[in-house]
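A single chain comes next, written as structure tokens; it is the form predicted on its own.
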């Protein structure tokens, strides 16, 4: 946390040098990771980073600067840099700071259990996961990574408008990567688990899931090009939403005409079976938080409710432009970055069907279990995508052989409108860069290019 003397010194200096409003953002982060390979610990890291940034505002223009060193010289340099950048700002938005709501950490998102773990626990866990993965299937020839990690983040935001918010959170995760071979093909599997407390991490189950993922891909072949009914498995649907939702529902992107949706609410943009929320207070998610990085309280909000567009995501400046309240969606990538509008937890309301029931209901089609090329093959501003994919053929309502060397091409709004069933199998993704909580969905008539 920032002590009162340092806070008052920086804010007072900024005021003397010409800032009408000023805000200090401080973040401290600890990151621990360890991984095993071939029965030995391959990598281990335990790092701490901390720093603060300063935002100054005058006549609606903002300046920004950051520092990792807190002494008289660097504090004055910080203030001078922010003031200088404020004078160079030519943005057409009117900047302001949040005031009022005071939020002090209630420890809902922090257990402290990970920091108490002995290193020997982490060593034993990753070595056992590697062993379990090898033992799960004789076709597993390599476990490139068996890893564990945890983080602890502390955030303080205070400003000249009386705001002083503090929040602390932690969480841990497991990652296992496997390679299976039948002598002709080598296939990779990936599985993870995450939890607020370490005793809820399931290391053996995660290892076996990675082994199964890779071994089931063996014998894969392509299919003929055409339109297929498909199932986007929960993690694949989550990846698509994480790619497109931030741009689609960012008020700034909509205001600039760079989103595939309009500013109007109450438009039907999806199947009535699809409801998508931003849910920032889910205890199970490692991304959850009580306030955003402008100090605005976060809240649950519907983006799509039964197919109807409901709300956009706002920070302070975009909310001011539209004459609405901010939604608590201004996020920073550490103390060095400036805020960007983004969802916190993209959450899809589950349906009533298990994955097996979705497969049976599909009858004939393809279960998509992974996609490739999201960074190059997806266009968030238009919503279009063309992605390499892998999965399984569905015949007579059953999952049969594995499928590879196919390309799935569509746009995200067409996918939304073509959803015919929603699964009950919601899964939490790793928060990189954000968390999704998504079930599998069945989608009709999607273009698949293959070579079969």
Partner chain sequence: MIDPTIAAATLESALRNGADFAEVFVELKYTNEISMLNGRIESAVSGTIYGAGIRVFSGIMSAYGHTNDLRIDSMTELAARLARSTGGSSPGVSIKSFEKPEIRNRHMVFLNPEEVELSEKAEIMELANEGANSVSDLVVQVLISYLDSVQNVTIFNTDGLEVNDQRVRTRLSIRSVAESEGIKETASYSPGSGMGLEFYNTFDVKEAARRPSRMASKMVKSRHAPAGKMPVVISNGFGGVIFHEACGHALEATSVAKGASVFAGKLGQRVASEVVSAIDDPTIPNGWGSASIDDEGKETKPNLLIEKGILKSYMVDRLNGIKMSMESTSSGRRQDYTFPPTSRMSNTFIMAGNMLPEEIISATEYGLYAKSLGGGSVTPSTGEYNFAVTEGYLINKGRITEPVRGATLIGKGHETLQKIDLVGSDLAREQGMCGSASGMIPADVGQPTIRVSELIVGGRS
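Numbering follows the first chain given and starts at 1. Note that this is a predicted model, so its numbers are computed, not measured.
Keep in mind the form predicted together with the partner chain is missing from the figure; the text below concerns it.
S.K.: I need to confirm a contact call. Of 124, 372, 356, 182, which residue comes within 4.5 Å of the partner chain in the predicted complex, counting heavy atoms only?
M.R.: Contact residue from the list: 372.
S.K.: Report the residue, out of 338, 107, 265, 204, that has at least one non-hydrogen atom within 4.5 angstroms of the partner chain in the predicted complex.
M.R.: Residue within 4.5 Å of the partner: 338.
S.K.: Which one of these stretches, 361 to 369, 329 to 337, 160 to 168, 205 to 213, sits within 4.5 Å of the partner chain in the predicted complex when only heavy atoms are counted?
M.R.: Careful reading of the contacts points to 329 to 337.
S.K.: Does the trio 43, 65 and 93 actually contact the partner chain in the predicted complex, every residue with a heavy atom within 4.5 Å?
M.R.: Contact check passed for all of 43, 65 and 93.
S.K.: So, in the predicted complex, is residue 406 in contact with the partner chain at a 4.5 angstroms heavy atom limit?
M.R.: Because a heavy atom of residue 406 falls inside 4.5 Å of the partner chain in the predicted complex, the answer is yes.
S.K.: Quick one: does residue 422 come within 4.5 Å of the partner chain in the predicted complex, counting heavy atoms only?
M.R.: Residue 422: no contact with the partner chain in the predicted complex.
S.K.: Should residue 242 be classed as touching the partner chain in the predicted complex when contacts are defined as heavy atoms within 4.5 Å?
M.R.: Although the partner chain is absent here, residue 242 would stay clear of it in the predicted complex, with no heavy atoms inside 4.5 Å.
S.K.: Since only the chain is shown here, I'm wondering whether residue 37 would be in contact with the partner chain in the predicted complex (any heavy atom pair within 4.5 Å).
M.R.: Although the partner chain is absent here, residue 37 would touch it in the predicted complex, with heavy atoms inside 4.5 Å.
S.K.: If we check the partner chain in the predicted complex, which of the residues in 366 to 388 reach within 4.5 angstroms of it by a non-hydrogen atom?
M.R.: If the 4.5 Å heavy-atom criterion is applied to the partner chain in the predicted complex, 366 to 388 yields 372, 373, 375, 376, 377, 379, 381, 382, 384, 386, 387, 388.
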